[in-house]
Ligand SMILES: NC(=O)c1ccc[n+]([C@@H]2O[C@H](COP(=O)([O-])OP(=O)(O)OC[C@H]3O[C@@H](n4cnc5c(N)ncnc54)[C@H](O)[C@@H]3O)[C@@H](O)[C@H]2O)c1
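Take a look at this single chain in structure tokens; it is the form predicted alone.
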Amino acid sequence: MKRSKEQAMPDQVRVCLVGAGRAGKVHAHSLVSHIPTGRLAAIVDPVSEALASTGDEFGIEARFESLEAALDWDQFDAVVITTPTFTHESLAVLAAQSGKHLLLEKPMALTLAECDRILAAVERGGVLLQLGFMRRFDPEFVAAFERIQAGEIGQPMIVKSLTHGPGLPPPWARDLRTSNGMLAEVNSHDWDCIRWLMSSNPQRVYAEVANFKGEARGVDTPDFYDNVLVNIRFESGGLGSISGVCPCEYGYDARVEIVGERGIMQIGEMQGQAVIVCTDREQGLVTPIYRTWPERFAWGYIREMEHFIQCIQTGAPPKVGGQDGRWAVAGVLAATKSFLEERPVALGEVLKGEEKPR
């Protein structure tokens, strides 16, 4: 979207937050505490307790039980959508049709057809769409990407990414019918990250899953899994892997390793603070770890919101957009097809009949 010379650059972009849960609170905190050019103007959530709690916490008076009601009020410029995946298409399309810019949390949608309807609505509405892949704004990941692009380790040959989360996902998030499972809800960031760092699209995937903890936790969701390994071949000829564990019990863990023709690069570590304590010989050295994803990627979330606001003010396209979200969904669908059918799956199989992402 290009801004005409006649259009004034807003001093402060007004944002409506759709979804008052954990992810919503992270974005609300960024807007209220770190970004003076953005203002949290309204909050939407159908759950009255969450709406009241988050509204009170951030001092927001404009509270609505539906996006439709908020749009009737219409005192905002953009929406941030952090609701369950199965609601993304309808909310994003409605916002785009109403001329509101969008920051849409991952996963973009459940299917490629849903992704395409969102992209079409964004195009028709002349609005901006940014996907919530905050690792692209995390200082460590940004520095690594820039050094790879500068040729420091040579052409990437292998990229390995892992995301292990501490808690059991809620019922909707572990059900393939409403979320596409852990490959989407936990590992969407890995799908985007490996494609970004490899600078190449995935070509073929093979996935294996396992269920170690579901029975003990009373999970009876069909095809539930709490461990997954995915092998990936890229169009460049490079190789990749994704490791997912949820729940993993020990904390939040997100790390990446890239092997290039001239060297190796590692991003992230398990140690959450540069503090080590030793109180006795039996226990040995003890160091804090990251306990939650908001803690690990605090600056990534702040900087992604800052980027979103800047794009709205200047009309520049976001660094991570709808096609990036679509590719992540395609990877998830291919890997899900792989483990369900117990075979490697080419990305072309899930893209068949669809316009191939650019």
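No experiment lies behind these values; they were computed from the predicted model shown. Numbering starts at 1 and follows the sequence shown.
The same protein has a further form, the form predicted in complex with this ligand, not shown here; the description that follows concerns it.
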Candidate site 19, 22 and 185: all three near this ligand in the model of the complex by heavy atom within 4.5 Å: yes
Option from 219-227, 257-265, 121-129, 101-109 whose residues, in the model of the complex, bring a heavy atom within 4.5 Å of this ligand: 101-109
Work out which of 62, 50, 316, 298 lies within 4.5 Å of this ligand in the model of the complex, going by heavy atoms. 50
Which one, 251, 214, 84, 272, lies within 4.5 Å of this ligand in the model of the complex by heavy atoms? 84
Does any part of residue 134 reach within 4.5 Å of this ligand in the model of the complex? Heavy atoms only, please. yes
Is residue 321 one of the residues lying within 4.5 Å of this ligand in the model of the complex, judged by heavy atom distances? no
Consider residue 174 of the chain shown here, and say whether it contacts this ligand in the model of the complex, taking contact as heavy atoms within 4.5 Å. no
Could you tell me if residue 195 has a non-hydrogen atom within 4.5 Å of this ligand in the model of the complex? no
Stretch 33-59 - residues with a heavy atom within 4.5 Å of this ligand in the model of the complex: 44, 45, 46, 47, 50
